[in-house]
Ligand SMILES: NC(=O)c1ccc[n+]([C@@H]2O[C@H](COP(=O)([O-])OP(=O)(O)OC[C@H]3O[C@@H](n4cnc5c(N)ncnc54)[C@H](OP(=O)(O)O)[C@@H]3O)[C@@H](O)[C@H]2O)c1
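In the form predicted on its own, a lone chain appears below as C-alpha cells.
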C-alpha cells in the first residue's frame, strides 16, 4: 500500500512548487497526495487532477488532528506569519503526532538555535524544530539558506543607482540557493525511503560569495557597475527610513546582514545533490536567466 503524503501551505510559492514537483517530476499519484491550505477554493485545479485538498489552518489548532488524519508523511512548510507563527506550527506538530503521522519534513532557517540570535525570527524556527525533536517522530529538517530570488527585491534598485549599501561585515561569505532547488529538496525529502530518520540538512548552493563578489559578478553578467558601501547598522537604518522604506523591511535587512556577519550562512553543503541527484543552480546561472527582470 502506498503512503499518503501531505504538503501544507500548498497555495504558497514553496508549497505549490513542491506539489507540482511531486506530481510532475516525482511520479506521485494524485490519489496519494493531499494539499493543505487555509482556502481550499484556491486549489480547485489540483482537485480536478485528483489531488485531495483539505482545509489546514494553523490558527485553528483544534482542527488540525482531523486535517492530518490518514497522513503518513507530512511536509510542514513554515508559514509567512513571521513573529506569530510559532504557536501554530507547534500545534501542527502536536496534531501530527496525535493523528498518527509517521514522519515530518519541515522547512526551517539556517541554524536557528541559540540565545541572542541575530536573525529576528530565528525563534520561530528554533521552537518548531524543538517541538519536532520532542515529538519523538522521525524527521527531516531542511534549513534553507537565502533564496537567490531574494535579489529580485533589492538588486534592480541597486543596479539603477550603482551603489549597494549594506551593514554586513566586509568579506563575509554567504550561500544563496535557488527556490526551485529548495522545493525539489523538500519533495525528495518527503518521498525518499526512510524509517527512523532524524536528519538535518543545510540546503545551500555549492558556492559562497561576499557582497563585494556578488556585486562584481552582477556587474560582469548584467553590464551595470556596482560599488559596495558599508555603513554602521544605525546609519543604514536611518538612511533607509528617510528613503521611506517600511520599518519591517528595515528590520529584516539589518537582521539578515547581522546573520550573514555572524557567519551562519558561510558554509556550503552537498544536501541538494544528495537529496535530488542534481547539482544546485549557480548564482551566475540565476543572473543570466533573469537578466531582463533584474535590469528592467
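Residue numbers count along the first chain shown, from 1. Keep in mind that what you see is a predicted model, and the values were worked out from it rather than measured.
We do not show the form predicted in complex with this ligand, though everything after this point is about it.
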Which among 185-193, 97-105, 80-88, 129-137 is in contact with this ligand in the model of the complex, heavy atoms within 4.5 angstroms?
-> 80-88
The unique member of 219, 199, 163, 150 whose heavy atoms fall within 4.5 Å of this ligand in the model of the complex | 150
Report whether the minimum heavy atom distance between residue 37 and this ligand in the model of the complex is within 4.5 Å.
-> yes
Is residue 280 close enough to touch this ligand in the model of the complex, meaning at least one heavy atom pair within 4.5 Å?
-> no
Close approach of residue 270 to this ligand in the model of the complex, 4.5 Å, heavy atom | no
Non-hydrogen atom contact residue 146 with this ligand in the model of the complex at 4.5 angstroms | yes
Along 47-77, which positions have a non-hydrogen atom within 4.5 Å of this ligand in the model of the complex?
-> 56, 57, 58, 59, 77
